[in-house]
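In the block that follows, a single chain appears as structure tokens, in the form predicted on its own.
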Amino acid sequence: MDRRTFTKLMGLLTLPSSRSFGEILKSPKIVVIGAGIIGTMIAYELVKKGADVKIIDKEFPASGASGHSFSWINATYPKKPYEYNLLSQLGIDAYKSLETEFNFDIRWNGSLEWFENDSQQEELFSEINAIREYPTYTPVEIISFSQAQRMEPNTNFGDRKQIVHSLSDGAIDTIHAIQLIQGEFERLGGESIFPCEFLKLNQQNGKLKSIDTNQGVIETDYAIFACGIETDKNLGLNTLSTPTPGIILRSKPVESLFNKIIVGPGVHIHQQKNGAIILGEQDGAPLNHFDRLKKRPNKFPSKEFEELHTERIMATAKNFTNGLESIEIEEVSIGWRPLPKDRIPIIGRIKKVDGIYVSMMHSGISLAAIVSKLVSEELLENKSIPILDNFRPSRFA
């Protein structure tokens, strides 16, 4: 999608619907709960437009899923239906627009993806062909083994004759991005309160008046919940599947080994601008380790456990790469990914209390830049943006 198409679509998609939510507030007080990539970007967009904004997190910025993510920005497989795919397409362009404001560490080099299993490989091709039938889509193609090998000489594609090449995918240093955005948010007058745990809502006549936290009461007109896997607990909802853990390895910086995002069998790999290699295992820590995982830790309980999982992931990655033998792993973490029951984002007002808004999704990294713009517009102009209608929390009522 080129910039002209993006601008045109944004103009159309942000037109207000026929629904009205009352008078537009002047300099509203807003508290954002959750300082991951979604919450931080929403807080920034709001304060930039003149709102009085506080952001809180029960730990610190990027302490949740955002700080323990593979950090892949994409708009291809398996993002469906079209409305979800389109939102992701707009997300890529919104990031590129934000790059005029921030010096993000994003490598827009695309991705290469394949499966070892024949049926999974055929399903991948089928999904890609379906995406290419959409009215708009990010460029994706099925290329030959030799083409893929020339792009990534340190990757072994096995006996696969064809590989999926998604040209517009990017990989971001999410923690660095959150630090940049939070710094600008505070420079513009926003207030950060960490650690600060949300406890409960206080309402009067169906309207939000304040929230209780373990640091005291915060008076507010709106509360935006961008707290990932804590969303259901905080709001008494039932919208999420059981959160799934993903193990992320980060190496010390090394010479250039990989140009693109390598979406290989069992392990995904990309290399940041500073040379650090990120490896993400999508299956994550085994859920049958119930006692160890019930508190959803971001770290393993012992160095021994950490080393066992690191060795297993590295062994899998070495099956289809060259050059990983010499890298040194600097950090191992577990990311707990929020996943709505129907696998698509949850964005919008909660009807039972006026002033409550939810922004929760598994594809938080991909969608943060566009969702933050749309959420800030919905709230500050008190309207409903049609492109978000398919993602409303009311579908779980």
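None of the values given here were measured: they were computed from a predicted structure. In case it trips you up, residue 1 is the first one in the sequence shown, and so on.
FYI, the form predicted in complex with a small molecule isn't displayed, but the following is about it.
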{"property": "Touches the small molecule in the predicted bound form: residue 71 (any heavy atom, 4.5 Å)", "result": "yes"}
{"property": "In the predicted bound form, residue 230 touching the small molecule (heavy atom, 4.5 Å)", "result": "yes"}
{"property": "Partner proximity in the predicted bound form: residue 234 to the small molecule, non-hydrogen atom cutoff 4.5 Å", "result": "yes"}
{"property": "4.5 angstroms heavy atom contact with the small molecule in the predicted bound form for residue 59", "result": "yes"}
{"property": "Segment assignment from 354-362, 341-349, 324-332, 46-54: heavy atom within 4.5 Å of the small molecule in the predicted bound form", "result": "354-362"}
{"property": "Among the candidates 196, 278, 106, 124, the residue which, in the predicted bound form, approaches the small molecule to within 4.5 Å (heavy atoms)", "result": "196"}
{"property": "Candidate site 96, 177 and 370: all three near the small molecule in the predicted bound form by heavy atom within 4.5 Å", "result": "no"}
